[in-house]
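Just the one chain here, the form predicted on its own, laid out as structure tokens.
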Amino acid sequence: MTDTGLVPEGVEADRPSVARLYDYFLGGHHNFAADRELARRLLQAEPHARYIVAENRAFLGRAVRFLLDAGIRQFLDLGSGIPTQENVHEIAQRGDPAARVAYVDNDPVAVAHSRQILSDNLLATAIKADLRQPDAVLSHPDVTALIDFSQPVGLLMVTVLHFVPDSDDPVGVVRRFASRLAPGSFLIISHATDEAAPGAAAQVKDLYKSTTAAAHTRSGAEIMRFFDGFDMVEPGLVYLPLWRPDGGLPEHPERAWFYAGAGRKPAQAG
């Protein structure tokens, strides 16, 4: 299961990475022993961890298909991780071969693998950047070569904002990205909360301290602040399995203790 063929210079293979952890849970091969050991400990703390990751991935797929149906043809995916399966560009370009996707991550392994996969795809790119620096992301030549910010964009911030501490002003970060979006753009967010499983959330947060990114759960009210200036899309901010499910509703949606939601930037944004 270990990927040893593509280890960018400077990568700490002995320190768990959030991107590689998710890769492991999704059945990928771009992870190391430290990542798998953390996964084992996470499953002890939260037996539903693999289920939560899978539900988050399923939400991402439904969100991209929703955006396609809404007419969105360009996507900016922040904190994109390692492209393990059913990536944004695969789903988007399956719906429209002309769809354009820019991936952004600060993990060098994630970016290296993304670039390898996208080497023959002229309408998708991956850059190494920190979402806490919106201007650097939005002005990056690889991003501006694909994304026309005068037209609606699907801004994806899936499973990433809970790695931005309050001291880095995550609400302000989202607002700076939002200010560059054209009316008709959408903001897609999933975010960990401790409202449904406070005990497990506390243990998971403690384990994440050993990784490249500490986690910070937030309440539903706090997560809603990220959507200031956007019109919420039905069904609003809900647990992952409840956001526009493809089939019937699960019996215990709170077991996937991440909130998910989408907002549309109106013509006269406040």
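Source: prediction; values computed, not measured. Just count from 1 along the sequence shown to find any residue number.
Another form, the form predicted in complex with a small molecule, is not on view; read the next lines as being about it.
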item: Options 98 to 106, 138 to 146, 192 to 200, 118 to 126; stretch whose heavy atom lies within 4.5 Å of the small molecule in the predicted bound form; value: 98 to 106
item: The small molecule in the predicted bound form reached by all of 56, 79 and 132, non-hydrogen atom within 4.5 Å; value: yes
item: Position in contact with the small molecule when the complex is considered in the predicted bound form, options 52, 60, 42, 67, heavy atoms within 4.5 Å; value: 60
item: Option touching the small molecule, based on a heavy atom within 4.5 Å in the predicted bound form, out of 114, 185, 74, 159; value: 159
item: 4.5 angstroms heavy atom contact with the small molecule in the predicted bound form for residue 18; value: yes
